[in-house]
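Okay, so we've got the same protein chain twice, two forms, each given alone as structure tokens, structure 1 and structure 2.
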Structure 1
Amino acid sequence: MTKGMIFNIQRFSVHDGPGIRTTIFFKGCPLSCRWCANPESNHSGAELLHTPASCIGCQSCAAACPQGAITFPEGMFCYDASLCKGCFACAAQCPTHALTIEGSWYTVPELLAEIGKDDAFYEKSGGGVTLSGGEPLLQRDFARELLKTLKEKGYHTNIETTGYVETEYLESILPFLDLIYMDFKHPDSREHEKKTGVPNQRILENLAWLLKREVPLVVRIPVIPHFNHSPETARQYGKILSEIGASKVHLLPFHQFGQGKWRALGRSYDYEKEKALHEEDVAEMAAILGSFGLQVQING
């Protein structure tokens, strides 16, 4: 039976599509955005997450690790991910849950059992289920099976995608989608690749292709300091999006919700000292996009 690697099931979500929704977060992503609010989604496998504030330095984790991946030089927790074999015996022995495992395998029936607990909320609010990540479409067979089953059971379906997948695969799942949220990180391909690890050509091609189909699509732009937060970039966005037939755009101002996760995963975070952006900070970009005939919403 097909299984998917999931790192979060978020209930009562109101920002991932119409109504009250359940958002399923998939692990794994072909992009490596340096501002990612869900850095635990970047890698496709389960990962160890350490929360220093909960650690009492008992060193039970180090004693439980058969690979010697955890040490305490000068009494400070140190984790070498290259030595870890994924047994996670360390997390099982942590008395304060300072060590947690990000990512669990689910079958489609197991996810449906979780989703079904909130059926009453979907029915009353016009909500449904959103697949997010990471990139949910990276787990191709599982995502297709889940979307197909959700549609067969009458759920409204949405995906939050980078668009960095083959067009043929997108075509195969379109019958199971009621809505698509697709990110467009930067209009300049070279700048896009600098901060995400991939050029934007495939994303733009898929975006243009999808806009000619019947499934409603919303373009989402994460507004990031020193990357795409400028009037000039907004004009570039507006020109491209108006030419390919986009109509709805959500601007997502940069925030620091993921900062603690970068630390807990032991990774450096490029935006550690950046201040969060607010609605007023992106108002000019919204106005510029609107001048191109686009319907713009801030915070989606």
Structure 2
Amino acid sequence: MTKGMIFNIQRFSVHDGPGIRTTIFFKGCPLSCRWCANPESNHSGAELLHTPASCIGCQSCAAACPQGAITFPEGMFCYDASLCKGCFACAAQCPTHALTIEGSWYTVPELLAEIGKDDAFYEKSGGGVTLSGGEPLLQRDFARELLKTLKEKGYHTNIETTGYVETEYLESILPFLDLIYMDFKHPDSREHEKKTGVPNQRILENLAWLLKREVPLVVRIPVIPHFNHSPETARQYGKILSEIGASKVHLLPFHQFGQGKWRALGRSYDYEKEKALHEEDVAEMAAILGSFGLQVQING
């Protein structure tokens, strides 16, 4: 049976589509956005995450590691990912769960059991299930199987996607989707590539293609300082999006919630010193997009 690598199943998600939802976070992503709020989603395999707030420095992990990948210079946890062979004996020994394994394998029935726990809430609130990530469509067979099963069982389905996949594949999952949230991170392809690692062409093509289909689509723009946070970018967005027939846009102001996770993964983070943006900071962009006839909502 196909299995999916999932790093979080989040109940009572209220910003990832209509109603009360459960969001399934898929691991692995073709993009590598420097600001990513879920950096643990980037790699496709299971990996180690260390939460300093929960760590009591008992060094049980260091003792458990056969590779010597964990050390405690000056009492501080230090992890060398290059030495790690992924046995995760360390996490099993961590008494406080400060070390956790991000990502575990699930079958579709296993996920359905978790999803089903909030059936009553979906029904009453018009909610359902959202696939998020990472990029859920990177695990293509599993994602399709899950969506198909969810649809058969009558769940409202939504996907948060980067759109960086083949159009044929998108076409194959379209019958199982009630809603699509697609990110569009920068209107200029070179800029897009600089900060996400990929050009935006395929994304834009998929966006244009999807907008001609029947499934409702919301374009989501993470508003990132010094990247796409400017009136000028908003005008570029407005022009392109109105041309391809987009109607709904969500502006997601940059936040720092991922910062702790970057640190926990032992990776360097470009936005370390950047301040979070708030509703008022993106109001001007919202107004500009609005002037292109787009319906804009700030935050999800």
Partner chain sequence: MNYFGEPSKRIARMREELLSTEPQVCVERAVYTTEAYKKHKDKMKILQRAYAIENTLKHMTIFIEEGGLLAGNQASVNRAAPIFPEYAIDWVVEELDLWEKRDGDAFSISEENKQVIRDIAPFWEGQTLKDKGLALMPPLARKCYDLGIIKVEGNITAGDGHLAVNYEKLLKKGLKGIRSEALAAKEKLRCSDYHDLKKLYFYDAILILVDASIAFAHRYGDLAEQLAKECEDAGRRAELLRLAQVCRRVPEHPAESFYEAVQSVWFLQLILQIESNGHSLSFGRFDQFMYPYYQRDVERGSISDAEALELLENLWLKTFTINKIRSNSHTKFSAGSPLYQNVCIGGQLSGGRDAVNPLSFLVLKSIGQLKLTQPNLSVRYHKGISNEFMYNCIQMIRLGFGMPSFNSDEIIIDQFIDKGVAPEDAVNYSSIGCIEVSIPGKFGLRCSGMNFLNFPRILMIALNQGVDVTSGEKLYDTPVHFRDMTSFDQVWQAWVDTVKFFTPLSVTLDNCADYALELEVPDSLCSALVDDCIGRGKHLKEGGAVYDFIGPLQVGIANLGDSLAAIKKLVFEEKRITPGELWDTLMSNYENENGWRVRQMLLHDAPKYGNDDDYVDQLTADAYQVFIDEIAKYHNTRYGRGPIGGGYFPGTSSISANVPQGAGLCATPDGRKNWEPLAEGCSPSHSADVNGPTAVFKSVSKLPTLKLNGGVLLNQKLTPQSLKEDRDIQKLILMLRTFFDVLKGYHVQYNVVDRETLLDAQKHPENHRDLIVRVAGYSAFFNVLSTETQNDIIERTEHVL
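Heads up, when I say rigid core I mean the largest set of C-alphas that superpose within 1.5 Å between the two forms. Small disclaimer: the values here were computed from a predicted structure and weren't measured. Numbers given to residues start at 1 and step along the sequence of structure 1.
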| item | value |
| --- | --- |
| Pair member that is the form predicted alone | 1 |
| S247 C-alpha shift between structure 1 and structure 2 of 2 Å or more, rigid core reference | no |
| Did Q59 shift 2 Å or more between structure 1 and structure 2, C-alpha, core superposed | yes |
